[in-house]
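Only one chain is included here, represented as structure tokens and corresponding to the form predicted alone.
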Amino acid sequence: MDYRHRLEKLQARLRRKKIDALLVSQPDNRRYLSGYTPADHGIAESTGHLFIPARGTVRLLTDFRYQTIAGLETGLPVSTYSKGLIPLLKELVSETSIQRLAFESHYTLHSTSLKLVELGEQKKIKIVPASGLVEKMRLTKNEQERDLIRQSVRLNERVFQQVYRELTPAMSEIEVALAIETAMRRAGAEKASFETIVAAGPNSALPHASPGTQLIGGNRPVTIDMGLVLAGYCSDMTRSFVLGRPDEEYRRRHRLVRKAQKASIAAVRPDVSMKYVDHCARKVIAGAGYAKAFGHALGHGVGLAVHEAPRVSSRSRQKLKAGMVITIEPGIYFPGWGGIRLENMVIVTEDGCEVLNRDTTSLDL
């Protein structure tokens, strides 16, 4: 990845906004700008920060545990702290003579922000809450990123097919989830991109069900929502199916969701509003009398994070741009019966979109 170009682009943006330096704390933003991979152990325990002056040398700030890997992965100067982030920032502020220091307010503990404000008062500088500066850069993916996402999707599908072939009605939801995540690791994935969802029977009416001891069973709805991380980039796919012979009610509902998905995919192209893409699926489902059964957004962006901007929903005001990678995942849910969700990923192209998923398991009943 051309991290230098990304940093230079961000530095130019900081200069336009009259920000002297930005402290980057969000893990995906760190990786996007530097290639630094260690994940945080929650927002309260960071593995590092990027100190990005509008002009001058970018530094990676971390502690003893990560100083070696930080240097190896990023090639950036590394400053380590033994007394915490704030004392080191005091030194850097003095060295660089900055007047306006921005921080990622959407990924900073309130207690830390108060310490930053106190630092600003001591050093007589302005502390500026900022959000979305790096995320806006991540909205569209370059060809190298798109290729990595394609590879992630392909591997995700291979894992699904491997596990799908071995499914039996006697397996529990948690057994299937464990088999999926084990297969991911064995196939070379860094990890699952989110906790795998396996929901059988009535549980499939819960869009984000947690797998439990419920047996998959036969002749009833099953939903598997899964994704993995490969070389930093995520995939996300949902398949709904029946082990055995689906009845006519299931077939009818499944076909409806698939029709809604196809309608939205057909609408994807640059300059089309995300609200309209969402509307295309919702119109199909509402036309069948199931408007209230489709209560979540149609999709979301995917990249270094499995859920990132843009949001494809009825409330979105954004328009699609070439290079965006989004999911299209309509679903309908009926308490006591189950649910059906079908999710594919697409890349917005100059004249439409590229559907990344090749797996057609249960898509067309």
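All residue numbers refer to positions in the sequence shown, first residue = 1. It should be emphasised that the depicted structure is a prediction, and the values quoted were computed from it without experimental measurement.
What comes next is about the form predicted in complex with a further copy of the same chain, which does not appear here.
Think of it this way: in the predicted complex, a further copy of the same chain has a heavy atom of just one of 160, 276, 107, 290 within 4.5 Å, and the residue is 107.
When a further copy of the same chain is considered in the predicted complex, only one residue from 124, 83, 165, 245 comes within 4.5 Å through any heavy atom, namely 83. Not one of 16, 32 and 51 is positioned with any heavy atom within 4.5 Å of a further copy of the same chain in the predicted complex. Heavy atoms within 4.5 Å of a further copy of the same chain in the predicted complex belong, among the stretches 141-149, 236-244, 254-262, 171-179, to residues of 171-179. With a 4.5 Å cutoff on heavy atoms, residue 322 does not count as touching a further copy of the same chain in the predicted complex; it lies far away. For the chain shown alone, residue 111 is a contact residue for a further copy of the same chain in the predicted complex, at least one non-hydrogen atom being within 4.5 angstroms. Taking the partner from the other structure, a further copy of the same chain in the predicted complex has a heavy atom within 4.5 Å of a heavy atom of residue 208. Although the partner is absent from this view, residue 55 stays clear of a further copy of the same chain in the predicted complex, with no non-hydrogen atom inside 4.5 angstroms. Contact residues in stretch 51-87 (any heavy atom within 4.5 Å of a further copy of the same chain, taken in the predicted complex) are 64, 65, 66, 68, 69, 82, 83, 84.
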